[in-house]
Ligand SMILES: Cc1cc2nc3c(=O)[nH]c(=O)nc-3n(C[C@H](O)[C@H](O)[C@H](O)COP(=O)(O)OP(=O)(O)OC[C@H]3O[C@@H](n4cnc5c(N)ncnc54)[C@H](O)[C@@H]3O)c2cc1C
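The data below hold one chain only, encoded as structure tokens and taken in the form predicted alone.
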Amino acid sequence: MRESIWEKQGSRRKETERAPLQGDIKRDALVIGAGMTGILTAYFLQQQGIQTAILEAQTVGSGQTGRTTAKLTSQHGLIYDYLLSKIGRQAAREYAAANQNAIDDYEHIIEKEDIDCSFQRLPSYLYTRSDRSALNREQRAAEMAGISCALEKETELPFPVSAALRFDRQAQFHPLDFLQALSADLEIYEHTPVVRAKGHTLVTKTGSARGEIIIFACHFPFVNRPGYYFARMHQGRSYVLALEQAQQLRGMYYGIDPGWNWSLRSAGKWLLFGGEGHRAGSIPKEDPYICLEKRAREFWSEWSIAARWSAQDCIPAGKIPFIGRFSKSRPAWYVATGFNKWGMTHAMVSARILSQMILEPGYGEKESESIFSPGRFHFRTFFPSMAKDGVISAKNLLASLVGRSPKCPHLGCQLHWNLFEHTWECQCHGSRFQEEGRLISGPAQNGLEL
């Protein structure tokens, strides 16, 4: 797999590798996944005296946290106009406050723990090259949600825009530097994939762990029932180039126009230039990296590629993450998933909500009323996405009965060959496998038998 610019700089990781779980342990709380969500949640719990252990299938930050563009922002595309029109003003205000507070929480932790992770406050922009009416609506909705923002006609981008919506005091950072520092004093077992969760026990190949609390912070929950998260979200892929000598930006940028929705930010001497997103398993006609390179040649005259990588995100029905109790029938289980491409900010939102639910009696009752609650169901936002995903899943399940392609061990969908990344991918739920069948990412738990 290609390494991100963060992973290429990760020389300290080898020095801090943790041993796998050996034998049986018992702790107050158990976290599945040592990405940003899992580490932050364990950090908050440990700070309050809750004995917490983390079980990680690979190594700290080796999943989607190491492949992010690491923007810390409450500006998530045209989210506020969507929330205001589909759910209401209170939902938009809750979403805005949670994500804006998350940026402040990162800054507080970085100062408290004296973490050197290139944290920087700067504005974030949504831009369009065409009709600015969508940004006008988003500005009004964001202001109603409690966020101050402003429309501008000019930017530092290497192409003209008709308008850009600026959110001030957003931030960016180096995610793995932050994660490595914060995880130093936590109890973490690496190379310890959980193969089964039952009640208060997590079973691995080398031992088991029992906890009063179980937290699924593993990107896409591998337990299908209860919860049925596989029916409420799919996964999307996107691609990034780290360009050297291209341009230094003073802000972060994200486009809203189809076919021109580039993501840009500077990271030290590199410019991170991303886009070319598509549903996992829906193989593009042209190599996404080549497409990005072609655009880069149009925008900048001289540059070289320091790194190129892809990321994968859980896209939930209704665009809002699922954060809270896993299911009514599993009161000791908690989950954070469906971050809709804004994983770094939502990781902090998740850690705050989950730790409060665990630490504060009665907070769980408030959670059931939250827009982030996994138990929510908003017909107007859920039905279109779930219906579309259901059709795609049915199509791939039927194709698996007659086709020769391998089947996904998760739920049996037909897999598709990505000739650009040499991987097998599931269009239904996003599991990915190497050419020889080794599992790259779930919700599947096993590799392929080819």
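Model, not experiment: these values are computed from the prediction. The first residue of the shown sequence is 1; numbering continues from there.
This next part talks about the form predicted together with the ligand, which is not shown.
Between the ligand and the residues S385, T59, S405, Q46, the one pair within 4.5 Å by heavy atoms in the predicted bound form involves T59. Interface residue among A311, I87, A98, V161 relative to the ligand in the predicted bound form, by the heavy atom within 4.5 Å criterion: A311. By the criterion of a heavy atom within 4.5 Å, I32 is counted among the residues contacting the ligand in the predicted bound form. Contact check for Q180: no non-hydrogen atom falls within 4.5 Å of the ligand in the predicted bound form. Though the partner is left out of this view, P284 does not reach within 4.5 Å of the ligand in the predicted bound form, counting heavy atoms only.
Not displayed here, the ligand is approached by Q445 to within 4.5 Å at the level of heavy atoms in the predicted bound form. Note that among 339-347, 139-147, 290-298, 322-330, the stretch whose heavy atoms approach the ligand to within 4.5 Å in the predicted bound form is 339-347. Contacts between 404-441 and the ligand, taken as any heavy atom within 4.5 Å in the predicted bound form, involve no residue at all.
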